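Encoded as structure tokens, the following chain is the form predicted alone, with no partner shown.
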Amino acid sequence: MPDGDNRGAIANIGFVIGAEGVAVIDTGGSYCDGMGLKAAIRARTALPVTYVINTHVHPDHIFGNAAFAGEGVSFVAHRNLPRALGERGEHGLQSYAEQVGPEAMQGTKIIPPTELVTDTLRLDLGGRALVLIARPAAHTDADLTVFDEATATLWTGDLIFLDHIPVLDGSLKGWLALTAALMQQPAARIVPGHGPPSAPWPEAGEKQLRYLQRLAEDLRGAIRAGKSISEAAAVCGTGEKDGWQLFGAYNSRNALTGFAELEWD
């Protein structure tokens, strides 16, 4: 969880270097977090940052954007991200500041995208191409994946969680379908939104798929049995708790979100 000790730096963030420029993929939970990433880039290359790619709307992935604001930097995101930022950005700033403390959030501000991905976008960093795909509603309704062709690395953002329990903020049915579809995409490895910095693919998707399947099955069973949403939230998905961090913090929330979707099936 974001707190004063980790200063909101809880997500996997990083960058890809081409012959002509650098693409940043998510910027972290604060201006301070973003500046740390910027320093890591400068330790590796003097090439300019030409693209900042935001995989989705959540604060721990995009609140470091301000560290990269400047002439020549294009901020790239899913077509739905501007709407999501408009609805949630200011509240996210306030909420995150309450969790990590105002000092950690100094300099942090909303930087909206300047280039939107409606379907597929190919970015050339100079001899190194990144393929961005705007995904349907799943973890959120503004999820973007990034595929680095040179290394066959798939950056999933929070479409894939490892260790940290998946957090549902979009569509349970959509996330189930997309997880299964992503596992069919050839890739040597993924960079998940949370967990280790990389993992072999598609094996890394199996545990999340099993959790989402179990949650959906339990919720459908509870709905058929006439259980209330609060009753379902207390028990659905709990059979998959082993091996997930922060299960108690998020499973019931996932169940509430999933129940509201599945009760209309």
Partner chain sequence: MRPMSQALKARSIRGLAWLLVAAALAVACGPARAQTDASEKNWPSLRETLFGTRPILDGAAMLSLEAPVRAEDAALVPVAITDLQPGRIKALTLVVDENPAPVAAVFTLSPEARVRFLETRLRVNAYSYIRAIAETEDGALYMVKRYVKASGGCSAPASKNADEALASLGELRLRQFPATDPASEEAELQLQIRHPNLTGMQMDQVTGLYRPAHFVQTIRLSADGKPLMSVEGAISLSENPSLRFKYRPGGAKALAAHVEDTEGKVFEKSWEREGKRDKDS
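Positions refer to the first chain, counted from 1. On a predicted model such as this, the values are computed, not experimentally measured, just so you know.
This next part talks about the form predicted together with its partner chain, which is not shown.
- Put simply, of Val117, Ala137, Val191, Leu162 only one has a heavy atom within 4.5 Å of its partner chain in the predicted bound form, and it is Ala137.
- Out of the listed residues Leu182, Ala187, Ala97, Leu125, Ala97 is the one that sits within 4.5 Å of its partner chain in the predicted bound form by at least one heavy atom.
- Considering its partner chain in the predicted bound form, the lone stretch of 68 to 76, 87 to 95, 117 to 125, 147 to 155 in range is 87 to 95 [heavy atom distance within 4.5 Å].
- Though the partner is left out of this view, Trp244 does not reach within 4.5 Å of its partner chain in the predicted bound form, counting heavy atoms only.
- Among heavy atoms of Pro112, some come within 4.5 Å of its partner chain in the predicted bound form.
- Among residues of the shown chain, Gly34 is not one whose heavy atoms approach its partner chain to within 4.5 Å in the predicted bound form.
- Taking the partner from the other structure, its partner chain in the predicted bound form has no heavy atom within 4.5 Å of any heavy atom of Val16.
- For the partner-free chain shown, Ile223, Arg224, Gly226, Lys227, Ser228, Ile229, Ser230 of 200 to 237 come within 4.5 angstroms of its partner chain in the predicted bound form, judged by any non-hydrogen atom.
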